[in-house]
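Two separate entries follow, structure 1 and structure 2, each one form of the same protein chain as structure tokens.
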Structure 1
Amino acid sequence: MADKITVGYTHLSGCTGCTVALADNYAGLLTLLDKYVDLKYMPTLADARHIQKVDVSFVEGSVCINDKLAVEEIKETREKSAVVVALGGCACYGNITRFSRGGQQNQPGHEAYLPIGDLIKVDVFIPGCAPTPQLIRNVAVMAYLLLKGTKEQKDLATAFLKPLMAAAAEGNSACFCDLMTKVINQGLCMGCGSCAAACPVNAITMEYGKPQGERDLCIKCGACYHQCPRSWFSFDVVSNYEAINEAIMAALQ
């Protein structure tokens, strides 16, 4: 028990898809809970639901600023966690909740939703809608290595998490347009097609070697931009893919 990291899960305005993605690690999740993680609180998957002091907390969903409880919870999460991870498009970027204009049952007055980074400092982003079980797993293992690993493991985890920490520092809005403004406009797109594959709503097709976005379909999850090898790319980490994949798989045996 002593070697485990303590983890919490705050669930705000999200559809539980991120929770399901976490659970979709199946046996991997059980190994995580068995060996590395002491899950202190989490609606849905744990008995304890109230926010406690933890090493790492994952936050699903955006914050409805018309909901006093949600605002208190996100602040309390920040105060009681050493590391806050925004899990999924809504927590990172607002995602589909960006389109809310209120009037829905049974809280018609709940109309204004913000990504959590607009209210608190966030340390790590896991974008995507839903975020993938594998990225959640990789980040969880790396978070463990960062806090409990040897010097070498800490260095690896730091390098691995660096781009996801940079994403958290960079901003709280995402759109297909990021591919235009930060990749194509910057002369960096080489037409590999990663963005089209990553898009969860098939809003992106490749036309004459460049992504073409159906902007009305875009839900603003950030998956396309972050999957793009020209958004950010670390030779130190990615060149070492074989060893890192093996280490993660071994950790979950």
Structure 2
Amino acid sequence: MADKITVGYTHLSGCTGCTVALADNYAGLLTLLDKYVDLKYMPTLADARHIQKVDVSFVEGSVCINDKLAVEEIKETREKSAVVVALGGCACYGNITRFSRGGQQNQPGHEAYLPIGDLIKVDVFIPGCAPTPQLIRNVAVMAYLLLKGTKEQKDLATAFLKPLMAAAAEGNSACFCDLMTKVINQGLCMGCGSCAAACPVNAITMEYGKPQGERDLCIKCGACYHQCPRSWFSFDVVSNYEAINEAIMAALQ
């Protein structure tokens, strides 16, 4: 039995799509829970619902600042976690919840939402709406190797997680405008269409080999920018790609 890391899962305001993406790992999720992860709390998968002290906390959803309990939960999550991971567009950037105006029949008092990074320090971003199951799985494996692995495994985990940590350090806003200013306007776009494929609301279309964004449809989830291979290029990952992939696959055997 491996020396497991302790993990918690804080669920705030969101659609639960990130939980579905996590569950879509199927056998990979079972392997993680069996060999590497001691899941201390999670509303849908664990009996314990109260926040506990853990090595890594995954946070899904944004924070409703009209909800005192939600604000207290995210602060408690930070206090009791060595590493906080923002999982999905809502936790990273606010996503569709930024457009909430209140007055909804089921939650009439909930009208203002913020990404978790506006209230606490976040160590790692896993962007997307929802993130791919494989990325969630890989981050979990690399978190284990970073905390419990050999020196070589820790070096590979550091290389893999570095871009995700850099994304957390960049700030709590990302949209097609970032893709335009940081990639397209720099002459870096190669017309691959990854951004259009990643957009959950079809706000991006490919016109004559270049992406075009519809501002009125954009929900600012950051999926397009972070899906772009030119925004994510990392020498640390590229130079260690085969070794990183082998380490992940070996861990899941």
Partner chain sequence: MGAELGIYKSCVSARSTDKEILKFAQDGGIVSSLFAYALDAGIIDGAIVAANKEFAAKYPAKCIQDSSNFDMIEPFRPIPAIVNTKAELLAAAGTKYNISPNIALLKEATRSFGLDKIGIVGTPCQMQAVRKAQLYPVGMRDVGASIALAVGIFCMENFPYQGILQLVEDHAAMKMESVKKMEIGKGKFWVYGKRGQVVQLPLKVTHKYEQPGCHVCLDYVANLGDISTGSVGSPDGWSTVFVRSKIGDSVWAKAMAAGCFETQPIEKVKPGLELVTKLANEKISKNKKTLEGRATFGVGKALRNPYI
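Numbers given to residues start at 1 and step along the sequence of structure 1. The shown structure was predicted, so the numbers you read here are calculated from the model rather than taken from an experiment. Under this definition, the rigid core comprises the largest set of C-alpha atoms superposing within 1.5 Å between the forms.
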{"query": "Identity of the form predicted together with its partner chain, given as 1 or 2", "finding": "1"}
{"query": "Core fit, then residue 201 C-alpha moves 2 Å or more between structures 1 and 2", "finding": "yes"}
{"query": "Core-aligned CA displacement of residue 12 at least 2 Å between structures 1 and 2", "finding": "no"}
{"query": "Rigid core superposition, residue 65 Cα moves 2 angstroms or more between structures 1 and 2", "finding": "no"}
{"query": "Backbone CA shift between structures 1 and 2, residue 239, after core fitting (angstrom)", "finding": "4.1"}
